[in-house]
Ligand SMILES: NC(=O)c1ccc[n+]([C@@H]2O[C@H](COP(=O)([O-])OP(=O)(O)OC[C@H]3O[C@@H](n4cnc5c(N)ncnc54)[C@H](O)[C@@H]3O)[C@@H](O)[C@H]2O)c1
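Here's a solo chain for you in structure tokens, the form predicted alone.
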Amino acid sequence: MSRRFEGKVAVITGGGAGIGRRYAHRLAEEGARLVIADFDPEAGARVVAELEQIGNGGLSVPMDVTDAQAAAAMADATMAAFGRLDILVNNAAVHLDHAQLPFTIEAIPEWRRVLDVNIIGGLICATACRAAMAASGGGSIINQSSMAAYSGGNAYAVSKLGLNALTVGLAAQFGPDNIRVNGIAPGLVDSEAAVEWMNHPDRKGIQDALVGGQVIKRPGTMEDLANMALFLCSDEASFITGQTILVDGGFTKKAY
């Protein structure tokens, strides 16, 4: 197996389950040490224990991505434990049903919560980690977007489109520190949350409908996303920054 990340240190927000957990395992398998920054301390600790079983453990840091002081403390803890920080994956998000909000004045507080976590949370964590990444010689930031950014229609889609714009801005601002910033926009994949969402009685047939709209006629997987994430974090992608790359089987058709 390739060891592209030997000696590297990666922080994954929301890494205690789902896509973030899959990223953590794949990065660890290729040599990285992991910091799992998750709102749920038990979930984060479980993932670190799993990584220790494959011989490459890490650190669990309970953290709310909307808390700037907590994000700064996470970066400090990473440097204290490992002496460097090379990769940040902004994976934590409010998603799916939790972001299906009505367009009403009464729903504005919940809209603010979605935007605060999904956009401002990424900004907070990126800025908190910038100095440590620069001191380590640079690195890579991945912002977890969604194909929903290109369809609009709800708070989740609005937040992910905003995150795409943030990716462009961060890439320009962090470039002088040799920090590349890119995004991944998945389609519906087999994460625990997505499977639960698809299996709701009100969404019978939704997976078949989505796959039917794809060019590649199979369901997406977390492994598909991990393959892209590891590429973007590696030296193989050293000339790529400011991009959000769709990994949705061709569901989203773009000619620009």
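The first residue of the sequence shown is number 1, and the count goes up from there. Source: prediction; values computed, not measured.
The discussion below concerns the form predicted in complex with the ligand, not included here.
Proximity to the ligand in the model of the complex holds for none of A132, S136 and D235, with the criterion being a heavy atom within 4.5 Å. Of the listed positions (V117, I179, L85, A128), a single one reaches within 4.5 angstroms of the ligand by any non-hydrogen atom in the model of the complex, namely V117. A heavy atom within 4.5 Å of the ligand in the model of the complex is found for exactly one of V189, A68, A45, V211: V189. Note that among 32-40, 48-56, 201-209, 226-234, the stretch whose heavy atoms approach the ligand to within 4.5 Å in the model of the complex is 32-40. Although the partner is absent here, I142 lies well away from the ligand in the model of the complex, with no heavy atom inside 4.5 Å.
Proximity of V9 to the ligand in the model of the complex falls outside the 4.5 Å heavy atom cutoff.
The shortest heavy atom separation between G18 and the ligand in the model of the complex is within 4.5 Å. Contact annotation for A28: none of its heavy atoms lies within 4.5 Å of the ligand in the model of the complex.
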